[in-house]
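Shown here is one chain on its own, the form predicted on its own, set out as structure tokens.
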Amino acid sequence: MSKAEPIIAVSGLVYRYPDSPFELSLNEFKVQRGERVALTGPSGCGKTTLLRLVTGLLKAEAGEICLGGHKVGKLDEAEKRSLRITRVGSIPQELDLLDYLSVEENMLLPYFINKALALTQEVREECGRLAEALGLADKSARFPHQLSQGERQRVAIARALITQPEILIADEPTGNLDGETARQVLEQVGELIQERETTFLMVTHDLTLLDFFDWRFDLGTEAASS
């Protein structure tokens, strides 16, 4: 894929939930490699739905979605899963940390559940580096219930970054954090992704964080005008 080609490109998108009046219609949405984009809009406008469509977890009724040069709608389920595993890091609304695993084990979880990923010494060293960068180095043996909400959020971020993805997608990752902690977490994320030119697409309702991003895409406005 050439550098000029968007790493995320959506065109002519239409999606409807079965047995629901909801409809997402979007003419165009493009994100260039290495950009940090805030995805905003009122509740119910389809922000989480758009993330799930982009990553192939949902299938569009019409239109085209390209992710990392791949036409998502043309891939079978195994190919979409492989694309997500190898090239996309995801931080969901619910952190989904496993209480019976330590912080380090939660960070390494992608390597335990995906046969396509090999847990090497280099990966373990990367895990240690992420833990250090996110202030978790002294908490690696703890369990999620022993952490603050901000620390739990950092574990989820480390888990999303451990595979060194090209694209990091986050759905309201700072929603449960106070303003100061949210900004600290985003600054740490920024430092980690800058060196790798990782593309960052994040849903947020917190407009005080917009200065962290290169630009903002208001889905409520854009979808309404499509």
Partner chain sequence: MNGGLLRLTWRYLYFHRARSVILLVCLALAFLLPVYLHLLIRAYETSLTQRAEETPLVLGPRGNEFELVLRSLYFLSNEGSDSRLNLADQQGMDAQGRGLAIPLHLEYTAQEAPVIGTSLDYFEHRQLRAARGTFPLVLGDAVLGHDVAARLDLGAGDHVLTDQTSLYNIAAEQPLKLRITGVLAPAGTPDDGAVFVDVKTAWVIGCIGHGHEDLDSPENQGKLLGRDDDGSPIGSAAVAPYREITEANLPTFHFHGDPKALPLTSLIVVPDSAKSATILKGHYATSETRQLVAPRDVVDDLLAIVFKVKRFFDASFGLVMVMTVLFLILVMTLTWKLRQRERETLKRIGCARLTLVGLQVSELILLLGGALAVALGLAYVLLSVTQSFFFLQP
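What you are looking at is a predicted structure, and each value in this text was computed from that prediction instead of being measured. Positions refer to the first chain, counted from 1.
The next section is about a form of this same protein that is not shown, the form predicted together with the partner chain.
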message = Taking a heavy atom within 4.5 Å as contact, would all three of 84, 114 and 145 count as contacting the partner chain in the predicted complex?
response = yes
query = Would residue 58 show up as a contact with the partner chain in the predicted complex if we use heavy atoms at 4.5 Å?
reply = no
Residue contact check: residue 90 to the partner chain in the predicted complex, 4.5 Å heavy atom = yes
query = Wondering, does residue 129 line up within 4.5 Å of the partner chain in the predicted complex on heavy atoms?
reply = no
inquiry  = Is residue 105 near the partner chain? Define near as a heavy atom within 4.5 Å, in the predicted complex.
reply    = yes
query = Which one of 96, 125, 138, 76 is close to the partner chain in the predicted complex, taking close to mean a heavy atom within 4.5 Å?
reply = 96
